[in-house]
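Consider the single chain below, provided in structure tokens and representing the form predicted on its own.
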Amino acid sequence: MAIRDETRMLLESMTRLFQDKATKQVIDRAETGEFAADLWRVVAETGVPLAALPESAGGADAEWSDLYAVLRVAGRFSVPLPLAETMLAGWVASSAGLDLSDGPMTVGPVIGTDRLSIVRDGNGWMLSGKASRIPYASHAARTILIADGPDGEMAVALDGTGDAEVTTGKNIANESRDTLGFTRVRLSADAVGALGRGVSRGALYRRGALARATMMSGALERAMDMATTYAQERVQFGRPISKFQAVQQNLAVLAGQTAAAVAAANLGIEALGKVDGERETFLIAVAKARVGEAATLACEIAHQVHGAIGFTKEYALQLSTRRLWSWREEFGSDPEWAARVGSHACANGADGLWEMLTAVT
């Protein structure tokens, strides 16, 4: 994927920011449940979290491809913030004309089987249902949800988590994943809005899956860099372990898996909003499934190269691998997206297989 000069400058700037501010100490504190407020403030000042919104909504009309590229950098540095979620929440809320927040936001549902519904209640609304494992919900200044309304899907905006029954939780990476329960929770009229064109629960799910795939590709790059550097520095039997053929073969597989993951994520990003919905879904499904497969193999190899030290909390490799294991299951697991790839291939039939694989995005 060709990189424009503006994109390159943005990525260089965000790389320096995350390198300086998203330190292991900051991430370790975040894993204890302390929100990285100082880091969020610095990131928010760049304007990146809401950059995709139109200028009328406080954004900069930025390309989504640029923002996904930033998410890859965030994944590389294990940034403990709801950056992707804030971007998606802003996208949903602005399409429905709902108020945004300068603080961190989150969005849902993120589990395919979860459902929320709203019904009229005088001048307001009643919200019912459950949204499981919402990222950083207990730390969010605003939660944006998509619910089934009387005339179709609608967006719901809550201050914080509103009057939800909150069950706190975490993923393997100790990132906040909270479940919100609603039993006829009353909402004001201005907290609900009709979704804009192209915005839907399915579109949110796809964009969330692509965000996770992109972040995972960044984490894979970090794990590969760490494994390669360690193999060059670790001396055994009088020479660096990178000189041993078995280690070289493993590193070659790791590099291949990382390259394939980055390429698959890029295909999904390039397809976003530029091809028909069926083709977009297929390419995002390919991205999520392929990156997940790469993560499984890459984590195994990276830890094998490092030996015991790679599993210690003091060493940074586990920051990447635990996120890879966690993000692999979010916004749809590998089997779920692989099944979508298979369904798409079957629907096109044997005669359409070659065209499906080689069509220009």
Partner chain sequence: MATPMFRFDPVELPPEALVMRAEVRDFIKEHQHLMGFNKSEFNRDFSRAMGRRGWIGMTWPKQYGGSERSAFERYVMVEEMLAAGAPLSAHYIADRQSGPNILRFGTEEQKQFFCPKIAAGELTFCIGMSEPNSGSDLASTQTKAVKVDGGYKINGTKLWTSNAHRSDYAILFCKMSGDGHDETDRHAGATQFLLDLKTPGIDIRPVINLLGEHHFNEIFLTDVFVPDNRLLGREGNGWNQLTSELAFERSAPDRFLVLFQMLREMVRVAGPTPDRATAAALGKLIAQLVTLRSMSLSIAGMLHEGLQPNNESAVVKDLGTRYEQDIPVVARQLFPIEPELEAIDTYVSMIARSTMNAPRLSIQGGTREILRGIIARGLGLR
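Numbering follows the first chain given and starts at 1. This one's a predicted model, so the numbers in the text were calculated from it and none came from an experiment.
Another form, the form predicted together with its partner chain, is not on view; read the next lines as being about it.
- A heavy atom within 4.5 Å of its partner chain in the predicted bound form is found for one listed residue only; from 139, 177, 222, 212, this is 222.
- In terms of contact with its partner chain in the predicted bound form, the residue from 186, 234, 243, 170 that brings a heavy atom within 4.5 Å is 243.
- Interface residue remark: residue 207 is not counted as part of the site for its partner chain in the predicted bound form, having no heavy atom within 4.5 Å.
- Interface residue remark: residue 277 is not counted as part of the site for its partner chain in the predicted bound form, having no heavy atom within 4.5 Å.
- At a distance threshold of 4.5 angstroms between non-hydrogen atoms, residue 143 is out of contact with its partner chain in the predicted bound form.
- In the predicted bound form, its partner chain lies farther than 4.5 Å from every heavy atom of residue 92.
- Only one segment in the set 46-54, 59-67, 332-340, 308-316 has any non-hydrogen atom within 4.5 angstroms of its partner chain in the predicted bound form, and it is 332-340.
- The three residues 264, 353 and 358 all sit with a heavy atom within 4.5 Å of its partner chain in the predicted bound form.
- Residues 251, 252, 253, 255, 256, 257, 259, 260, 263, 264 are the members of 250-265 with a non-hydrogen atom no more than 4.5 angstroms from its partner chain in the predicted bound form.
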